[in-house]
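Read on for two forms of one protein chain; each stands alone as structure tokens, with the labels structure 1 and structure 2.
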Structure 1
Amino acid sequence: MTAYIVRRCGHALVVLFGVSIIVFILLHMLPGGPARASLGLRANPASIRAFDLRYGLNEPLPIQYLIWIGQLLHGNLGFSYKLNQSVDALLAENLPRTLVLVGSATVIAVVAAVPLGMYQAVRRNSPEDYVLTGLSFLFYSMPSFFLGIVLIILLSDVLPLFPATGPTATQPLLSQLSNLVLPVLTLTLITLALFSRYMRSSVLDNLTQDYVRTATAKGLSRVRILFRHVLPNAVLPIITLIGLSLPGILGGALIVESLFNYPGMGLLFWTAAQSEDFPVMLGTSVVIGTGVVIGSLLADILYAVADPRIRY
């Protein structure tokens, strides 16, 4: 087990190195190079020379990479000249709000997907199963902004239950719970569609296993078989699925944040893209990539700890 965790951590480090290389390549693909991308297209040659000198951009590429990664490791993600703020400060302000959005949507989706998937598997090919399968296909096939709009129409316009805009940045998030409902609900439904389909087939697979037949033969009640035997086996793979779906959920969060004007990392990234604020885009990519790597590392370790059958 320890050997596996050590190996898995080493793997994560290699992937992190890969992420940094990708962002470094993006940095050098920027129009006009890193200096112009940071200072703006109208920067004069003198300030560009000063910038290049300061950040070692005259050095050969490997040295440049080392300087850049050294900065990153010291927690310096760059400076947004457009917003006149350090990228660290911007992220420190916006990251927690994205974590609230993504975290609550993922938790609700998992908590809802497990009973839903089990119910569908137990009553497979019943009208209820068809309706739920149809719904999850529908949510899965809707562009996320469209799903958000439909929810706004239904729950804000037709039935005025919740406000159509997300929380504002000026007040604490938790004092604006009603503004959180629609963004979280949108992201939850997209994620739920994926998880419940997975859960349904996972339970179906387990129902055909020998241990279920044995348990039935022993005379255990159907409820006991489902909850004591099938449920733990069917739920475990969901942990891995969460790790694998993290990039997708974060992508969905970007759309949801821009739709509801929710002041998180996604919105920050998108606004930065529109104003060509590349330091912010690069810093956000590094942080999100790191988050995904750590997230899937945790999911894999948790899975190894939770499933006693896993021996690597």
Structure 2
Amino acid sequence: MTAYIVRRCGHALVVLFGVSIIVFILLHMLPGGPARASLGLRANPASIRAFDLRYGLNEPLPIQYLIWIGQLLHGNLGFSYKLNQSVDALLAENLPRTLVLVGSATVIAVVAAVPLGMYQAVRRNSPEDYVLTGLSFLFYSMPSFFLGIVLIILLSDVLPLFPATGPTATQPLLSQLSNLVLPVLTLTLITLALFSRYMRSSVLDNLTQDYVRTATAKGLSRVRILFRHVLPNAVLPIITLIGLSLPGILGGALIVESLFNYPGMGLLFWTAAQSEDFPVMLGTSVVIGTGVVIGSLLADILYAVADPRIRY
């Protein structure tokens, strides 16, 4: 197990290295470059040269990348020209709020998907199963921005139950729980639709296994078979699915944060992309990429912990 973790950590470093190279090159291929984006379209060539000289942008692209990586290894993610603030401070301020949004939506979706998927499997081909399946397909195929708009119209306009905007950055999140409802609900419904479908399929697959027939022949009750034997085996694919779904969940969080003006990593990246704030886009991409790789690694480890039959 230890050797496997060491190998996966090595693979993770290679992936992060490749992601950093690709993102760095793509951002520097944008028209105008950092100097033009920071100084404006009317900046004269002398100002642009001075800006490039000050921030090392006059060096060849590989040298710029090595300088940036060196700063990154020392915990320096750069400085935002637009916001006049270090990227480290911006990420430290916005990352916890995104973790609250993504973490809440994922936990609620998993907790709801497990019993929902089991109920659909037990009631297979019943009217309830058809209705829940139709809703799952509807939410899973619906773009997050469209679902968010629908929820705003229904729960904020037609039925004024919750605010149409997310919490503000000037007050603690716990004092703005009503503002969290619609952003979390939007992300939860899409994630729940995916997890419940996998849980239903996993339970149906386990119900056909020999150990279920043996337990039934021994006279065990249906409830005991489901919760004592089927559930521990059926929930295993969900663990892997959580790790694989992190990129999609984080991508959905970017759209949700932009839609509800939620002050997190997604809104920070969206604002930086609009203003061509290169250091912020680089820092955000690296942090999100690191989170996805770590999440995938943790999912593999938890899979082995949850199933003693698995040995890496």
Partner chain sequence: MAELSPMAPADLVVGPVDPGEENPHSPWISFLRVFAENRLALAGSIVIVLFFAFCFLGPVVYRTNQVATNIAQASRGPSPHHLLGTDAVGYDVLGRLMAGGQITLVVALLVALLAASFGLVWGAISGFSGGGVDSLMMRVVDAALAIPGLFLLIFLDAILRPSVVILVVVIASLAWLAPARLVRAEVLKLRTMGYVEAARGAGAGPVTILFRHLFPNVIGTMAVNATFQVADAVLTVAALSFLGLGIPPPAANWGSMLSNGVSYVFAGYWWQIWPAGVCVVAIVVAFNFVGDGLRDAVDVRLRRR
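Note that the coordinates shown come from a computational prediction; the quantities given were computed from them, not determined experimentally. Along the sequence of structure 1, residues get numbers from 1 upward. What we label the rigid core is the largest C-alpha set whose atoms superpose within 1.5 Å from one form to the other.
Novice: Would you indicate whether the form predicted alone is structure 1 or structure 2?
Specialist: Looking at both copies of the chain, structure 2 is the one that matches the description.
Novice: Superposing on the rigid core, I want to see if Q64 changes position between the two structures - specifically a Cα shift of 2 Å or more.
Specialist: Where the cores coincide, Q64 still shows a C-alpha shift between the two structures that is 2 Å or more.
Novice: Could you check, with the core superposed, whether the Cα atom of S47 shifts 2 Å or more between the two structures?
Specialist: After core superposition, the displacement of the S47 C-alpha between the two structures reaches the 2 Å mark, so yes.
Novice: Quick check on V15: with the core superposed, does its CA move 2 angstroms or more between the two structures?
Specialist: It does, since the V15 C-alpha is displaced 2 Å or more between the two structures after the core fit.
Novice: Taking the rigid core as the frame of reference, how far in Å is the Cα of F24 displaced between the two structures?
Specialist: Reported C-alpha shift between the two structures: 3.6 Å at F24.
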